[in-house]
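Let's start with one chain on its own, the form predicted on its own, as structure tokens.
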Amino acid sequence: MGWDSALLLSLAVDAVMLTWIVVPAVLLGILVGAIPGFSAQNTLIILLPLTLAMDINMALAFMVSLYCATHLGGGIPAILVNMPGTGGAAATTLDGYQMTLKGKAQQALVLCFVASTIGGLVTSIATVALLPFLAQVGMYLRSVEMVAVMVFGLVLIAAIAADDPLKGIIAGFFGLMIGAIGTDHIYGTPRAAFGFLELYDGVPLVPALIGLFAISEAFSMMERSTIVPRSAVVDTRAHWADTLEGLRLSLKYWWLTIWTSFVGLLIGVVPGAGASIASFVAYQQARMFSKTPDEFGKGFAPGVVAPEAANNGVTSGTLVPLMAIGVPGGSTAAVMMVVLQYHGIVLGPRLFIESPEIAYGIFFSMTLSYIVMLFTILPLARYMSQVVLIPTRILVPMILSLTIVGAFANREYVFDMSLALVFGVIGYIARKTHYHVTAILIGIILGPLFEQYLLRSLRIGQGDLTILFSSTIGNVLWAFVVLSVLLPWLRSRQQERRRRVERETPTALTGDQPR
């Protein structure tokens, strides 16, 4: 389809006319995203009768706005109480919560909001311009290439565990072992399910996420009166100056926001890949290319920007295969497909010829939702940051109640509530013994996907491992993986050499002997 200015103008006007439905969808999405366990998918299924009764353009604007807002909302509890609302916000806890502990919750929230909205805004506009090309990306990223993408995420375990590699490796392998629970991909036999039918599909992500982060953090909160130390309480009072400081940091890292959002867009195009993978890969890449990688994990602004921009970049990518080839890129896109098919919309290449207002209109609605988000959520950062001042004797019961219900809401199994508590105990023990819960979660998320893509590749190659290096794109990705491993090591050696030279230089000038 050639660019039709009249059509584009018409789509923009139509999107603006739907602002009245976008605003409540954004507010609902932020609320849903901030509660662990309540995903956009669950909410859209509950609201399916409502969306089926709506006009198709109105229904799409509502669903897309809610979906995008949940990705932004997931970062709020990740920053304030170390409790990611969605899997895509798990990487945000690494630096976001550390900023809160330093009394910089408001700056972290502003970084999160700006990175999310700008990242989502840029990728939704880019998707409209590059839609035909992006539709082909999913075709080129096959099992072989996805194995390399998964390894990108697993390399992050080594980065997280830089201070104590042995404990990091143990935590990562523990997560991979938990991720191996479930039915075997080839023979269909259950592994380590201990007779629980609920584990035959593998360990569900939501109870694991809730337990490792939310419940274990709630247990830790019981040991102190407030989230932040008493000495930092005075500094966490809300000031507009802190909002401006967050905006200044956002402007400083504008390029990081742009390129990590495109990382999310490309990963989102691949059916089955999602925000969790994108955010961990973006965090790992941001750390690798940073001039100060040692600052990551200690409350460093880029550690909030990279994962939030990436997990919102995924929102556009997830919808590309749905509109271009009729294959939903994720569970939320599958719910949207139901609504589209109910209204008689035929998905696939002909959609762009027969109904371009639907094919492109959904991305215009997404662009509008991110603009609405930016202006509605940003002023609220100074009030949200006050959550850290609520006494833990009030906060902990609220967190435990909401998260336990959230664990049940995903699959509606009582078993998942018990599973969340078990993971809560595991997470609490891990925190007390200084094992990184994020390394465990990476193993749980990426382990099954890595196994799935690896086995699929080996079956295609009839057991020949060289199949993993048979693709040009795959080989380029493998080269980046090697670079990801070697670059931090080379950089640390360079810094060590520089420090040694600095120590020896005064000695050489003065002639004094080193003591």
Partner chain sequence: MSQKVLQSLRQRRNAQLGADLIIPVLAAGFTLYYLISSSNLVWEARANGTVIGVVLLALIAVQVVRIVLNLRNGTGSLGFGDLGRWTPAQGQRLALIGVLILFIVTIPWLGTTLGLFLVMLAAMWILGLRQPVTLLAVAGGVAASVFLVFIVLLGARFPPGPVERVVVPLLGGGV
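Positions refer to the first chain, counted from 1. If you superpose the two forms and keep the largest set of C-alpha atoms that fall within 1.5 Å, you have the rigid core. A quick note: this is a predicted structure, and the numbers were derived from the prediction, not measured.
Just so it is clear, the following notes concern the form predicted in complex with the partner chain, a form of the same protein that is not shown.
In the model of the complex, at least one heavy atom of residue 404 sits within 4.5 Å of a heavy atom of the partner chain.
At a distance threshold of 4.5 angstroms between non-hydrogen atoms, residue 173 is in contact with the partner chain in the model of the complex. The partner chain is not drawn, but in the model of the complex it has a heavy atom within 4.5 Å of residue 397.
Looking at residue 201, you'd find every heavy atom of it more than 4.5 angstroms from the partner chain in the model of the complex. Partner contact region in the model of the complex: 449 to 457, out of 469 to 477, 23 to 31, 449 to 457, 64 to 72, criterion any non-hydrogen atom within 4.5 Å of the partner chain.
This chain lacks the partner; the member of 197, 251, 353, 425 within 4.5 angstroms of the partner chain in the model of the complex by a non-hydrogen atom is 425. Checking 390, 409, 358, 205 against the partner chain in the model of the complex, a heavy atom within 4.5 Å turns up for just one residue: 409. Shown here without the partner chain, the chain has 189, 190, 191, 192, 193, 194 in 189 to 213 lying with a heavy atom within 4.5 Å of that partner in the model of the complex. For residue 434, a C-alpha deviation of 2 angstroms or more is recorded between the shown form and the other one after rigid-core alignment. Relative to the superposed core, residue 449 undergoes a Cα shift of 2 Å or more between the shown form and the other one. Put the two forms on the same core and the Cα of residue 259 is off by less than 2 Å between the shown form and the other one. CA of residue 50 to CA of residue 412: closer by 3 Å or more in the model of the complex than in the shown form.
Note on residue 62 and residue 403: their C-alpha atoms are nearer in the model of the complex, a change of at least 3 Å from this conformation.
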